[in-house]
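A single chain comes next, written as structure tokens; it is the form predicted on its own.
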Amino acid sequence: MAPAADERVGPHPSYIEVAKPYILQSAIQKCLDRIGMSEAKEDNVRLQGVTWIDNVRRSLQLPIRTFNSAVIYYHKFRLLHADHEYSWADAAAAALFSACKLEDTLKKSKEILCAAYNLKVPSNEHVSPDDPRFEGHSKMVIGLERLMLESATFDFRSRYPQKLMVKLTKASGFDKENSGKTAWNLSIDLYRTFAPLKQTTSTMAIACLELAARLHGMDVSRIVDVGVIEYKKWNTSRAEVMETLLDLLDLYTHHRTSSTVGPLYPLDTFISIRITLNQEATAANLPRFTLYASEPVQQQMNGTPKPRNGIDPTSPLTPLTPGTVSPSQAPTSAIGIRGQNGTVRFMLDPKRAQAETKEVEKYYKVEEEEYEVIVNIEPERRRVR
């Protein structure tokens, strides 16, 4: 009897997860659709989490760079994990805990939870981080830290627009106590949107500067693509700055009370600025959202629903029905699920990942050869009765 064929299977080639320092709007929308997150619920969870991080970091007197990194981790975590897998407060605490390590502003998980608790109670009821009530919750936050780092693909590169914005504010002659202070608060409110995932440091700084000038009735002709704020010098474009401005105005139009600058100005002020920018974008044929190079231009019309002035896209006029995910099912978006069948490796350089994948595919490619064989068929013999 012939020996059985060798059916041994070699090691799994492993999964490679490439870091994504920038995630555009179309990719963000696909992630939210994949986890079944409606836009109304996403706005609510996003604003609650960022407000929680901002309040706690102020209580702990943490620098603004820690706030920036924590919010980036929080945004990326929510793009991969459905809302039924975690509590937004736990995710916010884990994001701040991870950012404290990254920015070398170390805080224990119990200290973060204690600061959040003390913000909700009177001063005579404040407790210390050693209180036993934080023991179980602290372990939960530490457990979420691993998922937080995996969602960020272990990419510890961060962007701090405030540093550049302060320099441009001084160079443009902004008043430190009025327009300069507004620009600083705008840079904090910007992290309540997805703009930090999409834009560069210079784009965010220039957008905050321009919106502050418009809110204070300043002449914007001397700060729009001229002088020290020339877009080419900072490797940005009017389309990117316009997208960032409209993201901020979406926040102030629909969720004005959940921001820092919003309650300081009437709603009509933001709507008036938005109308002006919409007219400029229409005249210059600027898209609402930046597209990837591989995406067709037609997708801009059929992709993400555009917010409209005074009307929330999730209002009863335009309902969105999210998909449902059974709590008993494993989250298909979680990176750790793939690790059950093979190793997940994280890389920062996409070219190295492509070269390695191309090299490994040679050993897993199934090659088949076809042969043509001519067989002589003998004529059928007649049976003799």
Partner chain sequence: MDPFEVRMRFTSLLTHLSASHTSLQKAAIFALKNREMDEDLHSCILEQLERNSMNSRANIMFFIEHLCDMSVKEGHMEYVRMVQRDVLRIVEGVVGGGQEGKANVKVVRKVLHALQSRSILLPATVSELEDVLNARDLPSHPALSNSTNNNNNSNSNIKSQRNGALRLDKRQIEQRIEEDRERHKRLRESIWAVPGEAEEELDRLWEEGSEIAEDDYVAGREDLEERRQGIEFGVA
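Everything numeric here is computed off the predicted structure, so don't read it as measured data. Positions refer to the first chain, counted from 1.
The protein also exists as the form predicted in complex with its partner chain; that form is not presented, and the subsequent description refers to it.
Among Arg238, Arg256, Lys176, Lys101, the residue placing a heavy atom within 4.5 Å of its partner chain in the model of the complex is Lys176.
Residue Asn124 is the only one of Ser221, Asn124, Gln279, Asn285 with a heavy atom lying within 4.5 Å of its partner chain in the model of the complex. Under a 4.5 angstroms non-hydrogen atom cutoff, its partner chain in the model of the complex has Gln354 among its neighbouring residues. Using a 4.5 Å cutoff between non-hydrogen atoms, Thr201 counts as a contact of its partner chain in the model of the complex. The shortest heavy atom separation between Val344 and its partner chain in the model of the complex exceeds 4.5 Å.
When contacts are judged by a 4.5 Å heavy atom cut-off, Tyr265 does not count as touching its partner chain in the model of the complex. Residues Arg57, Thr105 and Pro350 are all found to lie within 4.5 Å of its partner chain in the model of the complex, as judged by heavy atom distances. Checking 124-132, 267-275, 140-148, 76-84 against its partner chain in the model of the complex, the stretch whose residues place heavy atoms within 4.5 Å of it is 124-132.
For the partner-free chain shown, Val228, Lys233, Trp234, Asn235 of 203-239 come within 4.5 angstroms of its partner chain in the model of the complex, judged by any non-hydrogen atom.
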